[in-house]
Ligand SMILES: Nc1ncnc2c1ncn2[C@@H]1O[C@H](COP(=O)(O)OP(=O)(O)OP(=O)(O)O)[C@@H](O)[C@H]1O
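Only one chain comes next, encoded as structure tokens, the form predicted on its own.
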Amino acid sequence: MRNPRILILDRSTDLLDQVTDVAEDLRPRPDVITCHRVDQVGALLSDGEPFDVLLAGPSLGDQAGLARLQVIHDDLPAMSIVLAFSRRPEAHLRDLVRTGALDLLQLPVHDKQLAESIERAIEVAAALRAPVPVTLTAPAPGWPVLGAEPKALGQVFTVASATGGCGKTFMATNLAFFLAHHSGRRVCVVDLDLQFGEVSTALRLKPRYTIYDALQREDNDDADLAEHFEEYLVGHGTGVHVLAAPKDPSEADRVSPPDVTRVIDAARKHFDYVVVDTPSALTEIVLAAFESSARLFVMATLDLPSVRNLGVFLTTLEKLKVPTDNIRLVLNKAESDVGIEVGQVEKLFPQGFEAVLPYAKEVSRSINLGMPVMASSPGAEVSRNMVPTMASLLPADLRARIAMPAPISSSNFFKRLFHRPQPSIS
């Protein structure tokens, strides 16, 4: 196992000296290399072993420097970039975001903060660059071995909610990353929020084609769609592929429920896992996705409209004879002093919540970076709380490879969050 490699790009040696001192206490100890000239960094990055972290110093704080970092990030998306500036760069926020920076340090910086930033950057780079290898000596029926032709259609997992803002896209993108990273298999996200899809935005992708384009082929029978399906996808640095929602909301009306079934079937022929993101509604489009799904995650947040709409959503599914044994509830953005106690919500839904996810600033930060939070902040509480739920979707031998976080019961979790008695839900 090689040591992590850090490249410092700055004219001064001050940052190099501090990083070198901090690196002495990190394990494994990273190799630290410096480059004083921006025009030489391209050759340095292309020769020899790849770098895990690029630490850009104050001399890259102008628009020209940020533009160069953007080019580097576009060429090497698996390398983490950390910005260390003496003062805030005189640039638009979008210019900072486009560099793909994982962290922004204000110099002078404390050694502890610098060490934490470097360690997190190394973790993210490792997650993006080296998915867990998988060798199945006795594969379960329907589970293809890496490198072999698929023996069965891929599994479909759908994320839904009755209310907007519950975190469907957040859940879908993190689920896709988790499955790709821990299985080493092929994963595709299908954005069925046809009017206002956000998967591409959340992952900072610029798709050339969308689901609408895929369905507009001249010779567009099922076999043709399946054959050319991958031509309409856009890839992400994590290895996940995305079939984007239409660019024009008016095109959504031209996608029918049978079209959704055809698209999902085509995706299953190419990918081991298909994650479907849906709009906040119970339309025929959404129901078409449910029919193909092995697991349905229904999101809610800790507010009265969301809780009530969740109840209506589940009741409607029962009336429509949609099987409920594969439905899992996820409570997102849990925080204290919001007027509702979780114990009351749990009484309304006796099936319980598969996962309870705290409100976390790491989530907003990951979206700005275009990276699932489980990749950008794997140690955050919100990331750790998703692991058991997502791991349950993997075969048993793959689950055994995953270090499970210590379980937190919902009662203990919310005792920590909620201290004062709350009014009952009426």
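Just count from 1 along the sequence shown to find any residue number. Predicted, not measured: the structure shown is a model, and the values here were computed from it.
Only in words, not in the display: the form predicted together with the ligand, which the text now covers.
Contact check for F170: a non-hydrogen atom falls within 4.5 Å of the ligand in the model of the complex. Among heavy atoms of R98, none comes within 4.5 Å of the ligand in the model of the complex. In the model of the complex, the ligand sits beyond 4.5 Å of every heavy atom of V190. Interface membership of M390, defined by any non-hydrogen atom within 4.5 Å of the ligand in the model of the complex, is ruled out.
Heavy atoms within 4.5 Å of the ligand in the model of the complex are found in one stretch of 160 to 168, 264 to 272, 81 to 89, 244 to 252, which is 160 to 168.
This chain is displayed alone, yet in the model of the complex one of R186, K333, H73, R120 has a heavy atom within 4.5 Å of the ligand; that residue is K333. This chain is displayed alone, yet in the model of the complex one of S280, S306, T238, S293 has a heavy atom within 4.5 Å of the ligand; that residue is S280. Taking a 4.5 Å heavy atom cutoff to the ligand in the model of the complex, the contacting residues in 355 to 377 are P358, Y359, A360, V363, I367.
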